[in-house]
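Presented below, as structure tokens, is a lone chain in the form predicted on its own.
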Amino acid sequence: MIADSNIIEALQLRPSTGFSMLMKRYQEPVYWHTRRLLVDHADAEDATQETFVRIYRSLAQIAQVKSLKAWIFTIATREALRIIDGRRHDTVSLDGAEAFKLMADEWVDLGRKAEVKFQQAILSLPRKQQLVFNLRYYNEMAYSEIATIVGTTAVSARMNYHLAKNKIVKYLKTND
């Protein structure tokens, strides 16, 4: 795996090479992050593409970036929320809960009941808890990185993760 420091150095010295390295490292994780938030494959592809367009347009700021991963996932999260905003035609609060239905497609097998139930439990969470849980559970991010992405403190991110985890366990137990 390519180290973030090597990607940043390449972006500063040889932007096209650095951007290729960045895409190789982050395209799939960004897709799956946005997919978990948006559920729909086409929306996740759109959010992923727009994320990398915005990153490319912002390469001049790369020297000020403290954590490449947090920066990329912040942009990806904003893109996913922008698409959700467009769906609802009103403002999405990070604390508001929204219901999404999982639908079968070539990437989702609804026959895998335990996985579907787990995803439904995550989707039942308030938006901020859903974001924090996904970033910690799937992307194994530090609470400080999560705090940067979500716009909170590391303590709050840790608290939201544990609240989310408890709600998921409760959901799984009560929805047999």
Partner chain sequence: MENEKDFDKVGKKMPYTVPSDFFDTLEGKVRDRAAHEAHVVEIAPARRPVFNLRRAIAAAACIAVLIAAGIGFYQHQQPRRAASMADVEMAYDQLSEQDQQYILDLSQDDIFINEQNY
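Numbering follows the first chain given and starts at 1. Here the structure is a predicted model, which is why all the values come from computation and not from measurement.
Just so you know, the form predicted together with its partner chain exists too; it's not on screen, but the next bit is about it.
Colleague: Is there a heavy atom of Ala60 lying 4.5 Å or less from a heavy atom of its partner chain in the model of the complex?
Modeller: No, no contact at 4.5 Å.
Colleague: Applying a 4.5 Å heavy atom distance criterion, does Val53 contact its partner chain in the model of the complex?
Modeller: Residue-level check for Val53: yes, a contact with its partner chain.
Colleague: Taking heavy atoms only, is Gln12 within 4.5 angstroms of its partner chain in the model of the complex?
Modeller: The answer is no: Gln12 has no heavy atom within 4.5 Å of its partner chain.
Colleague: Within a 4.5 Å heavy atom cut-off, is Gln130 in contact with its partner chain in the model of the complex?
Modeller: No.
Colleague: Heavy atom within 4.5 Å of its partner chain in the model of the complex: which residues of 25-49 meet that condition, in order?
Modeller: Gln27, Glu28, Tyr31, Trp32, Arg35, Arg36, Val39, His41, Glu45, Asp46, Thr48, Gln49, in sequence order.
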